[in-house]
Structure formats: C-alpha cells, structure tokens
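Quick setup: one chain, the form predicted alone, written in structure tokens, and binding and motion questions come after.
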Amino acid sequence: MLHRFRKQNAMPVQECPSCAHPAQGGNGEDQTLTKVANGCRCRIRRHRAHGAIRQRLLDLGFVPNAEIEMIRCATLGDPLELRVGDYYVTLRKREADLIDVRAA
C-alpha cells in the first residue's frame, strides 16, 4: 500500500493555464469548464446551455459566481468530477463545455 501511495505522488501535476499566474489571481480570461486542470478552482461566469440542460445545471448548483473545484477527469476524458460547495458532481464533457468560468 505504501508503494501505491509513493507511485501516486510521483505523477506530474498538470498546470492549469488559468492558474499560471497565482500572484495575479489568474489571467482573468473566461474559459470553458473543460479546460480547467485537476485541483484548480474557478468561478462560474455564465452558461451557454438552454432548456432542460440549463435547468439541470442550475439545479445541481452551477449558478453564476459559484466556486467549483475540478477533482479529476475519467481515463478517456469524459465524465468530469467536480466539487460544488460541499458536494461532488459528475458532468459529461459536453455539458461542462457549455459553462464559462474564470480562475478563482
């Protein structure tokens, strides 16, 4: 088990383009939620979804100015696991691509 823990810590950390300048609070540009790297936090700026998908995202807590943390991405890149407030949500990549965020 200790061997497994060491192996996980040896993995390189993916750098998020929005967190590249932490002293400045990110680069200040909007990006889609799918481009946020694992472990990075961001705030929702707006949705580009309509109808039932928009209502589902709002019901799940993806409201403007909510803080989100990207937890991880599945092996093939879909779905994404996110933390919204104190709970975890899994979103399809095509739904996350409809959400614009800014670095928190």
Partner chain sequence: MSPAKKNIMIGLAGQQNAGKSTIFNMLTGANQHIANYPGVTVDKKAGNYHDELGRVEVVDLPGTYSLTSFSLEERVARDFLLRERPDAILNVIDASSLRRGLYFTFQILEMSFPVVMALNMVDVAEAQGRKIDHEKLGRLLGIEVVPTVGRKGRGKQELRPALRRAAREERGEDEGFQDQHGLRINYEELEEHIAAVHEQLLESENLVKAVPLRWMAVKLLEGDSEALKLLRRHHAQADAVMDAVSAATAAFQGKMDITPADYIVTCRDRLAASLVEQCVEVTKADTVRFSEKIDRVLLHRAFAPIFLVLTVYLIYELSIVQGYKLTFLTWPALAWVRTFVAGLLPDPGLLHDTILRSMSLWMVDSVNTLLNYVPIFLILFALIAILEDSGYMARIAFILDRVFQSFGLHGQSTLPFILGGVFTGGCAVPGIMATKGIPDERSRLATILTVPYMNCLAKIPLYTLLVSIYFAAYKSYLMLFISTITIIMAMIIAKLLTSTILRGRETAPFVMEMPNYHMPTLMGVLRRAVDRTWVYIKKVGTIVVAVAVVVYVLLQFPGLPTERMAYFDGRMDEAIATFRENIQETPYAEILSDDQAVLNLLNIANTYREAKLAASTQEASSAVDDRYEALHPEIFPLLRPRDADARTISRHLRGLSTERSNLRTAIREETIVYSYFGTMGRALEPVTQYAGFDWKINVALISSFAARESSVATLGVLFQEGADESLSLEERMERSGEATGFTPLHAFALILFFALYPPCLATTIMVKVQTGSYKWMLFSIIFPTVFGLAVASGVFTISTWLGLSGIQAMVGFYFLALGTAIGLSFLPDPAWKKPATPFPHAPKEA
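Positions refer to the first chain, counted from 1. Owing to the predicted nature of the structure, the values given are computational and were not obtained by experimental measurement.
In what follows, reference is made to the form predicted together with the partner chain, a form of this protein that is not presented.
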Open item on the list: Just checking whether Ala37 would be counted as a contact of the partner chain in the model of the complex - the rule being heavy atoms within 4.5 angstroms.
Closed with: no
Open item on the list: Can you work out whether Glu29 and the partner chain are in contact in the model of the complex, taking contact to mean some heavy atom pair no more than 4.5 Å apart?
Closed with: no
Open item on the list: Can you tell me whether Arg43 touches the partner chain? I mean in the model of the complex, with a 4.5 angstroms heavy atom cut-off.
Closed with: no
Open item on the list: I'd like to know if Cys73 sits close to the partner chain in the model of the complex, meaning any non-hydrogen atom pair within 4.5 angstroms.
Closed with: yes
Open item on the list: Do any residues of 84-104 have a non-hydrogen atom within 4.5 angstroms of the partner chain in the model of the complex? If so, which ones, in sequence order?
Closed with: Asp86, Tyr87, Tyr88, Val89, Thr90, Leu91, Arg92, Arg94, Glu95
